[in-house]
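Next up: a single chain in structure tokens, the form predicted on its own.
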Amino acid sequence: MQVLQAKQLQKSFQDGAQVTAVLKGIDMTVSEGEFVAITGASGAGKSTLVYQIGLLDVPTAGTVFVGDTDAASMSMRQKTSYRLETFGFVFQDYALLPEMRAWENVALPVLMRGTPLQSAKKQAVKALSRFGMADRINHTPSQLSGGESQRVSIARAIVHQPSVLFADEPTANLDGDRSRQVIDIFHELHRAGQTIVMVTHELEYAEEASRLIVLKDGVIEKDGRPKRSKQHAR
């Protein structure tokens, strides 16, 4: 079942009189249960594409469908509600609130949906425990390593069981071992049925996904099964 679709998606940015076209007519779909990796050189439009299909930004032209709904028909309030209910996001800088403990950061998405505090905490602790963080639930971000912070970020992104998990360069600030741990978590989630769209400049990890999209100068250069998809490599 199709969960996302982009049709002739374009995005340009203007700086004074200068207009820079970043996306130049993207056609793509994401189906339920896929693990899609988007890669390409710096400036190819990877993160910009995720911001459009994740409803975090508005395209200059073209159409984004979420399910059967044209995102252009949705108000900003409706988009915010849809993101909160349906999407999860993991960013390279973790985006954790520094004054909050790990479980409080993870509980935010369910609290924002109106879940009572104790129920939200229970869900947050369960999500953190899933990723080996049961003994760190009361630590603030400053008390966590980069790898631990990213695990908290992932727990927050999936605590409300999103239809699509977006990850924008989730290993960019991590060393090799911690990067491997994060990618293995994504594989675990994917095996459990999670739909994932991951942006990465690291081809090694991109090729482990079930589908690989390569962007070049704002267009899709390649789209298909990578040569060494993890499901075949292991």
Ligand SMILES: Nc1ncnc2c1ncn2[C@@H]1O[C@H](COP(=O)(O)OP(=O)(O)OP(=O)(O)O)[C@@H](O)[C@H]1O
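Position 1 is the first residue in the sequence shown; the rest follow in order. We call the rigid core the largest set of C-alpha positions that still match within 1.5 Å between the two forms. In this text, all values refer to a predicted model and were calculated from it rather than measured experimentally.
Here the subject shifts to the form predicted in complex with this ligand, a form of this protein not shown in this document.
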**OP:** May I ask you to state whether residue 47 is within 4.5 Å of this ligand in the predicted bound form, using heavy atom distances?
**Re:** yes
Original post:
Hey, in the predicted bound form, does residue 41 get a heavy atom within 4.5 angstroms of this ligand?
Top reply: yes
Original post:
So in the predicted bound form, does residue 22 come within 4.5 Å of this ligand, heavy atom to heavy atom?
Top reply: yes
Subject >> this ligand contact in the predicted bound form: residue 92, any heavy atom under 4.5 Å >> reply: yes
Original post:
Counting only heavy atoms and a 4.5 Å cutoff, which of 65-73, 47-55, 177-185, 190-198 contacts this ligand in the predicted bound form?
Top reply: 47-55
Original post:
Any chance the CA of residue 82 moves 2 angstroms or more between this form and the one not shown, core superposed?
Top reply: no
